[in-house]
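Let's start with one chain on its own, the form predicted on its own, as structure tokens.
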Amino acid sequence: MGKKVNNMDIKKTLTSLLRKRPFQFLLVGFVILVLLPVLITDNFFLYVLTLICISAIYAASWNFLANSGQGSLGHAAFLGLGGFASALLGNSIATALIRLLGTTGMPIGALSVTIQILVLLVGGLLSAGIGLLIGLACVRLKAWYLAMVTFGFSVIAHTLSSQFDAITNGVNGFAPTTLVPRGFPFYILVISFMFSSISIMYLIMKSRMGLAFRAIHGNEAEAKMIGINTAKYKLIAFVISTFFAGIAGGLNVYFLRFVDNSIFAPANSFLPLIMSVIGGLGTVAGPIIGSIFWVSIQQILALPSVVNSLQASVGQYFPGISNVGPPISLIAIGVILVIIVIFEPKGLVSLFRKIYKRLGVETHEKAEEKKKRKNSVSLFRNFYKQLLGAKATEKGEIKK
């Protein structure tokens, strides 16, 4: 009986989950991402898509932390820890296997894919472990004080990776051993991690734990008053966020086929914040939309044809720069970010919702709400008619 009840509960949970619009969007998005490289066979397009998916995991990890009322300005530390740990561990395992098998290189197959997944998870766990230690010391701090602590930690991590160069080779950098071939196979691995990571974070936010996170985000003092252990839940949120940031770091390193201490750069700490704000803080789609926007602009402006046209048109205003693409992209991103923050503070998600409404398309939830309202109005009308009819019969009986 117990097993049957559990199976019924699982079926109900899955059914309710599949009916939810954000999860449906995730499933549809996953299918589209799988099919796109098949329909558009272009290496540059595949490169950009892969980078977008990795950035989406990184931005979603920061967004998850923000949903618990916390902020981080040093997420690059966990991105770098995950990247370095995955690469170093992968190289060690690959070297041992090559010696054991007596081959000249790492054989690509099911074993190498399994090793790739394991080293990525270990990189994430190491980042989460360091996040736990930092969280235990600092999680009681207010949001932006914690953000400053994490920023300081990212600076320390950058320095230590240079000082212990014999272990990390952080100054000159190194290439991780290829475990999954670059291109479509690695892309499938990335979108699988993206779908599973964002789905897990979404499910957590919809659980009782997520309710606690939202309560802390809304008002920490009131959350304490109703009995929520705010320090405990903030620590859990911090550890989960750093775990997914570490996975994003590992994927980034194996995708670029190189890692050095520049991964700890402060600019990488601000990236998830920028992508989340552009897309929409506190939403499932926000980090994904933000990463599409950010990566697309950067990669398009880096194309040789675009660089040449920009150089010809505005290169005179940047005489000391041979490639004006990066400065122009930064100016464009800065202007767009200012416009979004001022005119659309809830991000591009909010803008798309407004367009969606103006087109006259109703969401499933709103349609259900309208049905309920209509039903309640009709019930009230029937009740009112019955009441009037009862009063009329009473008056007739009194007259008689």
Partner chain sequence: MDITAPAIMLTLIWGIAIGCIYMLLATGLNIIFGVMKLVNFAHGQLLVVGAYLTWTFSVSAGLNAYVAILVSMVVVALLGIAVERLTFRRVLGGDKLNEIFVSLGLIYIFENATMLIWGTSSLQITSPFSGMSLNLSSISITYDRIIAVFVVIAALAAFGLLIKKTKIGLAMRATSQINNTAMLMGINVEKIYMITFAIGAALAAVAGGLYGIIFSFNYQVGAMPTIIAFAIIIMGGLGSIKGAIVGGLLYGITEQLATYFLNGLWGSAVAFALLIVVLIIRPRGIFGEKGE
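In this text the structure is predicted, and so the values were computed from the model without any measurement. Numbering follows the first chain given and starts at 1.
FYI, the form predicted in complex with its partner chain isn't displayed, but the following is about it.
Participant: Does its partner chain, in the model of the complex, lie within 4.5 angstroms of each residue among 29, 40 and 180, using heavy atoms as the measure?
Facilitator: No residue of the spot touches its partner chain in the model of the complex.
Participant: Just give me the single entry in 224, 257, 99, 232 that has a non-hydrogen atom within 4.5 angstroms of its partner chain in the model of the complex.
Facilitator: Among 224, 257, 99, 232, a heavy atom within 4.5 Å of its partner chain in the model of the complex occurs only for 224.
Participant: Which residue, 151, 174, 186, 202, has a heavy atom that falls within 4.5 Å of its partner chain in the model of the complex?
Facilitator: By the 4.5 Å heavy-atom cutoff, the listed residue in contact is 151.
Participant: Would you mind picking out the stretch of 161-169, 76-84, 110-118, 186-194 that comes within 4.5 angstroms of its partner chain in the model of the complex, counting non-hydrogen atoms?
Facilitator: Stretch 161-169 is the one.
Participant: Can any non-hydrogen atom of residue 285 be found within 4.5 angstroms of its partner chain in the model of the complex?
Facilitator: Contact check for residue 285: no, nothing within 4.5 Å of its partner chain in the model of the complex.
Participant: Check whether residue 310 has any heavy atom within 4.5 Å of a heavy atom of its partner chain in the model of the complex, and answer yes or no.
Facilitator: Output for residue 310 is no: heavy atoms all beyond 4.5 Å of its partner chain.
Participant: Within a 4.5 Å heavy atom cut-off, is residue 64 in contact with its partner chain in the model of the complex?
Facilitator: Flag for residue 64 set to no.
Participant: Heavy atom to heavy atom, is residue 35 within 4.5 Å of its partner chain in the model of the complex?
Facilitator: The answer is no: residue 35 has no heavy atom within 4.5 Å of its partner chain.
Participant: Which residues in 241-272 have a heavy atom within 4.5 Å of its partner chain in the model of the complex?
Facilitator: Heavy-atom contacts within 4.5 Å come from 270 alone.
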